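A single chain, nothing else alongside it, follows as structure tokens in the form predicted alone.
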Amino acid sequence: MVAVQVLSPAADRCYHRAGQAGSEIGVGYAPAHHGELLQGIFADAAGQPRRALVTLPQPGRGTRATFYPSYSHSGVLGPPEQTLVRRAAMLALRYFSTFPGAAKGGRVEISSNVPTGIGMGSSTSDVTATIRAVADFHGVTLPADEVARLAVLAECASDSIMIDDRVVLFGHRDGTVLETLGHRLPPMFVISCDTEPGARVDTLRLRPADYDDAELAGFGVLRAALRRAVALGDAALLGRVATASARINERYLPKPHLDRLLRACLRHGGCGVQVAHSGTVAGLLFDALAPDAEQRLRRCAAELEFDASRIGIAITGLIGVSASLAGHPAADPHEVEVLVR
């Protein structure tokens, strides 16, 4: 099966791969993320306020969806708890309903290593992979903006994981890009922590943050700073932006021991912290290009491992990020793990 490939929003509305239409099944993959670098309310091109975010990608975690078509029965079968997956499949089938050989319904199987309810984008990963699987069955690769539109219809709000060729400020409630900030993030290592092991956040019941005037005024400054950080490959500046965004989020979904995590990060030469604004995870950011990055990462991770059980957090992994996006591979997370053994 040919791997699903995402086209840029400027591409044609869909792309037919010769010889692929009419395959027996469709397969799609979508990555996870590790929360946000920035989230808030920002002006769109018309000057209107929009809720938007910048996602931190997480290589190594994701969802694989397999679509088994039916030509005789409408509707989609799948795990009972996968309501959003079934909805995404139905929306995608409706999109392809006029295509020759289109399926009427089918069944979706999900294979994922993304934890649920902690802010790593499990639902968006499942939904995006499902849309891509249905498209793959029909011999089509949908452009990223169309995948985003369908994902938002399926789950009301979506992350920007389907846009993997650039760094974007993404309107997560309408699936549109407010701004392209650059082609890739600065190279970073991220120590991933679950600040409330065992807790789960129901994002569908989470009320949108009611930002005050000071916070609203600050979002424009943070947006400009993040734009500069991406343009210059400045991990330190990016860390300051992410930390400021994490602090704003403390009024709405606080993370236990966030200040302690920040102190540990800075004490070992890190750049700052980022959080999932709708989950329990937090990440400690380190500049991967710093001369002693490995030593800093090792010392900080060792300190956190020593304190973890006592203060009630869990170290969930180490992530290598830089990655664009656009053919620049991420650091292998397995290689990063070796650094702290």
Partner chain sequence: MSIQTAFEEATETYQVPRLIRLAPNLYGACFTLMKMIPARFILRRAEAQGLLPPHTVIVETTSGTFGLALAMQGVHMNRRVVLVSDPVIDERLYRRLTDLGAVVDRVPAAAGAVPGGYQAARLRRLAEVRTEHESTFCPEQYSNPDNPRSYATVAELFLECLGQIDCVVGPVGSGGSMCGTVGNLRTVLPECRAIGVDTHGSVLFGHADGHRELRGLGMSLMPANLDHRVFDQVHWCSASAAYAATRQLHRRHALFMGPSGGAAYLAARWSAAANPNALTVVMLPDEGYRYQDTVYDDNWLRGAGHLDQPLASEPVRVSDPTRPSGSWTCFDWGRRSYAEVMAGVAGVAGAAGAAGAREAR
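Positions refer to the first chain, counted from 1. Keep in mind the model is a prediction, meaning the values are calculated, not measured.
Note that the form predicted in complex with its partner chain isn't included here; everything after this is about it.
Contact check for Gly220, Ala225 and Val241: all three have a heavy atom within 4.5 Å of its partner chain in the predicted bound form. With the partner omitted here, the residue from Glu81, Asp202, Asp210, Asp213 that has a non-hydrogen atom within 4.5 angstroms of its partner chain in the predicted bound form is Asp213. Residue Leu237 is the only one of Ala264, Leu253, Ile110, Leu237 with a heavy atom lying within 4.5 Å of its partner chain in the predicted bound form. Look at 186-194, 130-138, 117-125, 226-234: in the predicted bound form, residues with non-hydrogen atoms within 4.5 angstroms of its partner chain sit in 226-234.
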